[in-house]
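Given as structure tokens, the chain that follows is alone and in the form predicted on its own.
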């Protein structure tokens, strides 16, 4: 991984370099956009592309992807003013607007394929909008076209990120070695739960229910907002000094994307948030609860229900999601793990029949 502030100059009339892609990303909050973009860049590089990631704040990559990735270079957003040439594909991720200098270069080199990579959703508009042209109506590239590319859960969308080697890595992963590396106790009969969330409405009530479990429970709480939310919940319950018998809470450091995947593979139930972690949880072959990004106008309620409809979620899983996200009060906090595991196993099988996002993106751009 390269962090650069300048790019070397080239000829004033560059040709488009074959196999080079440019991905533009702005970090809004929580590093979710950057996480998705990094996984995409690394996956495209694994499939033979050279990729440049242009980002306004790459600092999180130091813990998210400390080893970098072969054929992926990271540059500061403002240095795109001096970029000598564009790649054959330019990706505008999640509504970030390309710098005017980049738009000017696109106008000068019409063969560039300009992709508007959108957010993930199971809502009905996604298949209708996926792959549609979007005429540019203003700016230096006025009159040119960019293309909507929507990730999604069904064959008529752009699919989900999935590395070619993912399933093999899961089969050969050593859970015991991971436990030792993370300094976690060996407790094979316990319930292991990962916690990656915002500030769930139902956390206090759920913890009280969890303390009544007949077997011991280990909560693995990720760094950042999840740990802050857990600290507040424990304070509310008066559990700061001593936890109920059988309940164990482990605070984790910031994890690389590789180690985060391993966390999901290890646990019996995963609480995830945002987009990237949801996709990784779906591949983990474990039940998961999604804390959807909350919006002031409650648009996330419909988005969550669309996902649950696609998931064919049993009522117990749907009710748990609604309570966790503060949409409806909990009737109870029962975790029907066997029923949920069956649901997610079926879901994973459906997804594995579909082409990955990178495969579809490569084919789409080759056709333009």
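Residue numbers count along the first chain shown, from 1. Values in this document were obtained by computation on a predicted structure and should not be read as measured data.
This next part talks about the form predicted in complex with a small molecule, which is not shown.
Note that among 108-116, 158-166, 196-204, 143-151, the stretch whose heavy atoms approach the small molecule to within 4.5 Å in the model of the complex is 196-204. Of the heavy atoms in residue 43, none are within 4.5 Å of the small molecule in the model of the complex.
The small molecule in the model of the complex is not approached by residue 319, whose heavy atoms all lie more than 4.5 angstroms from it.
When the small molecule is considered in the model of the complex, residue 270 lies well away from it, no heavy atom lying within 4.5 Å.
At least one heavy atom of residue 257 is located within 4.5 Å of the small molecule in the model of the complex.
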